[in-house]
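Shown here is one chain on its own, the form predicted on its own, set out as C-alpha cells.
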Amino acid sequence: MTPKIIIDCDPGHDDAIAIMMAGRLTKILGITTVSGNAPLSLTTENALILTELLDLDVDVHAGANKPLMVAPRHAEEAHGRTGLDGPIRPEIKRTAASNDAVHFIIETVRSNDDVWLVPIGPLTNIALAVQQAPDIVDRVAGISIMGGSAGAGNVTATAEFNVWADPHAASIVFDAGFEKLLMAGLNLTHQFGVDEQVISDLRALGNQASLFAADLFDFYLAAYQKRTLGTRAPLHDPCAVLAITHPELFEFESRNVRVETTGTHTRGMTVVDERSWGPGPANCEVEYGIDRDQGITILLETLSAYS
C-alpha cells in the first residue's frame, strides 16, 4: 500500500530531493513549510517551485516563521541565501493554499487514516499541532523525522541543525508519545552521501527533474566540501522518506531519546540512551545503518520516472 504522508519541510537542497522522491514513492497529502534552512517566505517559495517543476497536484501550506522560544537561525552556508542556490530559479505561478500549516496538519490527520508525518526541518509546526490537538498523536500511522544524532552534531559539537534550530519544539515532539517515531539522525544520514558520480548519473537521465537535482547537487556538494574534508555530501532528508517506503534498507534500534533545551554546550542535543542496562522506556526507533548503494539506486530510478 502506498503510504500517505504530510511533508513538513524547509527546502533546502536535501528537502527538495526528499519531495522529488516522495512524489513518486508516496501519496503526498500536503506540504507544509517552516522557517529553517531559510526564512519562511523562501522555504515556502522553494516548495512551490518544486511542486510546479514536478507537476505535483499537492497544496503547499505556510507555517511557523520562527521557533517557539529561541531566535530564528538559518543555514546559508549550506544552502545559500535562497535555500536552493545553484539552479536558475524558475518563475512560478502557484501560490500557497494557506498560511496555517498547523490547522492543515490537524484536520488532515483527523480526516484521513494512517497518515505519516514526515518532518524534515525544524519541528515547530508539528509541536504546535501536537499542543493544539493531542489526539493526532494516536491517529497517525507514525512520524519519520530527519533530525538529531546518535553521535556528533553539525551546527555544534552535539546538536544537529533541525533540532538545534527549535529545541523546545523537538522536545515536545519526542515526548509526545507517538507509537512509531523514526529518527534519521546525522549518524545515519552521513552514510547516505552524494558525489560527482551521482551528479553525472542524474545528468545522464536528462529529464527536467534530474537536471534540476544535478544543479542542486553541484552547489550542495561544493558547499559541503568547502566546509569539511568530506568527498560525499550527506543527503539527509530523503532518509526520512525511505525509512517509510523502504524500511528494509535500514538498521533500527529502539532507544529512549530526549532533547536538551537549555545546556550551555548541548542545546539541541538528542540524548540517545544506548545503555544495555536500565534505560528509560524506548520512545524512538533510531536508525543506525542504511544500504547506501541501494538507496542511491532508488533515488535514480525515482527521478527517472519524471521523464
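Just so it is clear, the structure is predicted and the values come from calculations on it, not from any experiment. All residue numbers refer to positions in the sequence shown, first residue = 1.
The same protein has a further form, the form predicted together with a small molecule, not shown here; the description that follows concerns it.
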Open item on the list: When the contact criterion is heavy atoms within 4.5 Å, does Thr124 count as touching the small molecule in the predicted bound form?
Closed with: no
Open item on the list: Since only the chain is shown here, I'm wondering whether Ile120 would be in contact with the small molecule in the predicted bound form (any heavy atom pair within 4.5 Å).
Closed with: yes
Open item on the list: Please determine whether Met146 contacts the small molecule in the predicted bound form, using a 4.5 Å cut-off between heavy atoms.
Closed with: yes
Open item on the list: How about Glu287 - does it come within 4.5 Å of the small molecule in the predicted bound form, if we only consider non-hydrogen atoms?
Closed with: no
Task: Region of this chain that lies against the small molecule in the predicted bound form, out of 267-275, 52-60, 251-259, 236-244 [heavy atom, 4.5 Å] - done: 236-244
Task: Residue (of Ser210, Thr108, Asn187, Asn154) lying close to the small molecule in the predicted bound form, criterion heavy atoms within 4.5 Å - done: Asn154
Task: Candidate from Phe192, Phe178, Tyr224, Phe161 lying within 4.5 Å of the small molecule in the predicted bound form - any heavy atom - done: Phe161
